Structure formats: C-alpha cells, structure tokens
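Consider the single chain below, provided in structure tokens and representing the form predicted on its own.
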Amino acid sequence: MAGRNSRHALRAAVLGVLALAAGPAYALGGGGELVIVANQEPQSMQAQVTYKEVNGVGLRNVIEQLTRLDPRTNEVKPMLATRWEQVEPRVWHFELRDGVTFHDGTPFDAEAAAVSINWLWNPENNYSVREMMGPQITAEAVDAATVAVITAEPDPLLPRRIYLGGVTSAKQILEDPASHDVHPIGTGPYVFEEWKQGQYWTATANPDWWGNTAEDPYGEIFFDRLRIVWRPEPIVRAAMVESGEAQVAMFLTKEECGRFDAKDGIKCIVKGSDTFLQFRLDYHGAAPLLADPRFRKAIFTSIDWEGIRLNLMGLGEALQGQMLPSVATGFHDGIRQYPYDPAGARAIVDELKAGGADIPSVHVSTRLGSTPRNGEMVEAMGAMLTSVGIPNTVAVEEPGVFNPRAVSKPTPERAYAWLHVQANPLMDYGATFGAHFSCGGIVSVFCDPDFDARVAEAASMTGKERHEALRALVKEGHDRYVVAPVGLLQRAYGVPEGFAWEFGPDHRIVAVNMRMN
C-alpha cells in the first residue's frame, strides 16, 4: 500500500508541474502541433535509424523508403517506388515515383536513390541496420526512373527488407555527410526543423509532399507541426497526456493503461507488435566458461521466464522457446520455453565448481526506457542467478553506456548479458539469424562458421524448402542456449479520447496516419 501511495503522490506532483509548464493547450481537430512523448532520445538522425522505431522515434515522418508495409495486412506496398520486379536471381528493378523532391530541393531520381542505398548498406559505414540485411546490398541507376538493387546472393525478401532503409538526400551524403548524423533530409510529409539535444526535435508540415496530390498516398497531413520529446519514466509520459501537454505517450505499463481506461477524456491503445524481448548472454570469445553448454544451461534454467513475463513484463505474449511467433517462416512447433529448474541449475554450478571451474560474475544490463519495468526484470534475474550460486551484477544503463557494449564483440574478460528489445518486421528467421546468430552480425556474440553457411543456404531458398531449413536451425539454436526469448511485446499508448491512429505490428509513429476527431 505504501508503494501505491508513493506512486500516486509522484503522479500528482508530476501533473502539477506539467500544468504550470504546459501553458495553453494546442487546438486539436484542425491541425496544430502534434506532441509525441517517447521513451528515449534518438541515437542519431541518420536515415538508417528509421529501421528501428525505438531508436529514432518519428523519423519516418521526414525520411521515407522505397516500400512500406500496409498497417492492416502487413503486405509490402509502394512508397517512393511504385512497382518492382525481380529481373534476375540477384537483381531487382524498382520503378520510382515521378516528381518527388527532397526537402533541400534536389530531385529524387534513380541516381539519388542509388547513392542513398549504397551509403546506407555500405560495410565500411557499418550502420546497425545491417543486422537486418541478409546478402550484401548495392544499387545502380538503370535510367532516370529505375534503380537496380543487387544482392550478393538471391534474396527473396528484398522488397520487404528494403522497407527498413531510409532514403536521404544524395546531395547531403556527397557534399556534407557529417550533417547526415544530426539533420535529416528526406522526402516525407514533414520537414525537419530542429534537434535540441536532451530536450526535443521538431518538424513542420511539407506543403510540397508528393502525397498531397498522389492518387495512392499512405496518409493525409492533419497536424501542422510535429514535436518529439522524451521522458524515460512511463509515469511521466502518461502524465503529459493527462495534462494535455502531449497527445501520444509511448509504451505505458499495464497498470497505467488500466488507469487511463477508467478515466474520462483519455484512453489506452494496446496492440501486438513485431518486437520481442530477449535475454542474450555472451558466447564465443567471452569468459571461457560461457562457451560451455552446461554453464549456459544453468543460467537459462535458473531464471523463471514465464514468471517474469506474466508478473513484470505485463503486456506481452508467450513465445514458444524461440524469438518469433508461429506466423514466422522457420517457426518450430516442437520446442518450448526453457524450463525454470533452479535445483538443476544449482547442481550444474556445484559440479562445475567441483571440477575446478572458476564461475565468472555475469553483468546483466538493460537500456533505460527501452521497455516498461525492464529494471525490475533484471533485478529479478540477478536474484535468481544468485540463488543458484552464479555471481552477478545488474544495471539499468543510459544508451551511451549500453549501446557501445551491445554492438562490441566479447573479450575473455567479459561475461555480459543483456535484456533488450529487438524487432523483426520481416517475420522470417533468416533475418533473426543474420542479426543474432552470425559471426558478422552487428549485435551477435555467437560465431559458428558452419552455422553461418547453413543460414546462408537457407536464406537463398523460398517456400516450404526455406521454412524447413530455417526450422532446423531454430531447433539447433535453442539446444545451444544462444538466446532466451522472454515474450513478444504488446505496446501501449496513452492518447486523448477522439484520437484516431492507424498502425500495424511495426508500430511506426507516422503523423499522417493520425488525426483528432
């Protein structure tokens, strides 16, 4: 009861401060400013950040892609490309929309598209979007209105995969690439205005957006301005909608949603997503004992995954011992979540100690604001590891601390685990393996060349053959204790009554799909 009272007191204090600071509310229903309160600040304003909404909330309002996903059917639909065709096993032609210009006034054509694609997927730039790449991607202009996208090996997922890559100004890339990190220049319905780091970023409606006159726009401009602010605490994000300072509060807890739905004037929107929560433990190249399957089994079975999902994660769906749901290509219906067996885990640890093994201390971390209650989850994990004799530390870390280690490879002195969110809009295990089970994966700590070769072979297949090849690899990854899935996230948003928003399982924050009725 004391904890509940303290939360109520904190909420009242937050609302009081916001009421003083917010000033007059924006007039909704006929434009005005749309304010989104996100869970964290963008990592950068690079076009590649659009592949993962959580790392660059709202950036797709400025930067567009060749293709998009329909929010109702999840089918690949036209965006900057109007149609596409696989002309050779490794070559796709994308016909581009006519009359589109970047926000700097330069034309969007095949040359510009090729420059942007080559910059985005370049191995020298090594942007994190490459974790979703599959075979290496390059591009070249065929004519003014057609760009060829070439893959090192056949890639049947390319039209869907290319939806992850933002298309940005070729002039900026060629003449002022440093500004690409902080000042996005795209073709979208909103023109970037200012990024006041640590506080907000803003954009204004684009009167020259191609969607204003096209027959097939993916939305309609309703709001005149867009402002993205960030607050890591769900309680503060919720309070900003309650006070009228924001229209959308991202990633509320189950409890905040229940409170919203019980009050007049505000509501909670909850929807399943393509984003899963995972526990990833250092593997190859790390502290030697982490490559021992017995020790990995001890760690994975010492944690009550289902209890964490139900009692702390709250808004989430069970995953069947793997990172994607049953609709995914490669899903294996014969495996289950790792069992909670603390007695068995303790027995393994005692056996390893008796054999002279030095049990390393495992550092379990999560990123501030990445998902509700992640701090409570790592604390629970730490307590469970301690109970079976595995020393550990736990931390909720700022992005500047968490991110560099998350993308660095292990060293023999390191024993690191993360609890973090990952998305797979492709719903295909080929992408999951490329990101998390490969020697070259940006965030991967697993490296088995033979496994890589079998993944590459499966990735070139289609249909049932692809499904069965990936399915076998899913089972192998599960048996080797590579990653523990926690759950498939449901995302919750607090909004005012009358706020309409159409979005799909990728949960893109796109203002032209929002309006106030």
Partner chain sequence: MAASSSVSRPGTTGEERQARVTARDLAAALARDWVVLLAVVFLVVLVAAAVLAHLLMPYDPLLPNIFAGRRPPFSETRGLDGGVQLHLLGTDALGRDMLTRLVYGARASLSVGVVAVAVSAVIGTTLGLFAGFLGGRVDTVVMRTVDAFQAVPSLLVALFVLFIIGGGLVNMVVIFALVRWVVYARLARGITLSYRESSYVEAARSIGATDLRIIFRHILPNMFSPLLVLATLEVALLILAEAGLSFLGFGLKPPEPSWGLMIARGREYLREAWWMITFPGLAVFLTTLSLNLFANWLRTITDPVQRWRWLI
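All values reported here derive from a predicted model rather than from experimental measurement. Residue numbers count along the first chain shown, from 1. Definition used throughout: the rigid core is the maximal C-alpha set that superposes within 1.5 Å between two forms.
The form predicted together with its partner chain is left out here; the points below concern that form.
Engineer: Any of the heavy atoms of N311 lying within 4.5 Å of its partner chain in the predicted complex?
Structural biologist: Yes, N311 lies within 4.5 Å of its partner chain in the predicted complex.
Engineer: When the contact criterion is heavy atoms within 4.5 Å, does R259 count as touching its partner chain in the predicted complex?
Structural biologist: It does: once its partner chain is placed as it appears in the predicted complex, R259 has a heavy atom within 4.5 Å of it.
Engineer: Contact with its partner chain in the predicted complex for P325, defined as at least one heavy atom pair within 4.5 Å: yes or no?
Structural biologist: Output for P325 is no: heavy atoms all beyond 4.5 Å of its partner chain.
Engineer: Looking at the partner-bound form in the predicted complex, is A380 within 4.5 Å of its partner chain by any heavy atom?
Structural biologist: Yes - in the predicted complex, heavy atoms of A380 and its partner chain come within 4.5 Å of each other.
Engineer: To verify the annotation, which of these, A287, V396, A345, A148, has a non-hydrogen atom within 4.5 Å of its partner chain in the predicted complex?
Structural biologist: Exactly one residue meets the criterion: V396.
Engineer: Of the residues R336, R83, K353, K263, which one places a heavy atom within 4.5 Å of its partner chain in the predicted complex?
Structural biologist: None of the other options qualify; the answer is K263.
Engineer: With the distance limit set at 4.5 angstroms and only heavy atoms considered, check whether D282, S370 and H420 all reach its partner chain in the predicted complex.
Structural biologist: Checked in the predicted complex: no contact with its partner chain for any of the three.
Engineer: Could you tell me which stretch in 290-298, 427-435, 217-225, 303-311 has residues with non-hydrogen atoms within 4.5 Å of its partner chain in the predicted complex?
Structural biologist: In the other structure, the partner sits against 303-311.
Engineer: Quick one: which residues from 217-255 get a non-hydrogen atom within 4.5 Å of its partner chain in the predicted complex?
Structural biologist: Counting only heavy atoms within 4.5 Å of its partner chain in the predicted complex, the contacting residues of 217-255 are E233, P234, I235, E242, T253, E255.
Engineer: Comparing between this form and the one not shown on the rigid core, is the C-alpha shift at L310 2 Å or larger?
Structural biologist: The answer is no, as the C-alpha of L310 shifts between this form and the one not shown by less than 2 Å after core alignment.
Engineer: Taking the rigid core as reference, does the Cα of V142 move 2 Å or more between this form and the one not shown?
Structural biologist: For V142, whose C-alpha is compared between this form and the one not shown after core superposition, the shift is less than 2 Å.
Engineer: After superposing the rigid core, is the C-alpha displacement of A114 2 Å or more between this form and the one not shown?
Structural biologist: No; A114 is a residue whose C-alpha shifts by less than 2 Å between this form and the one not shown when the cores are overlaid.
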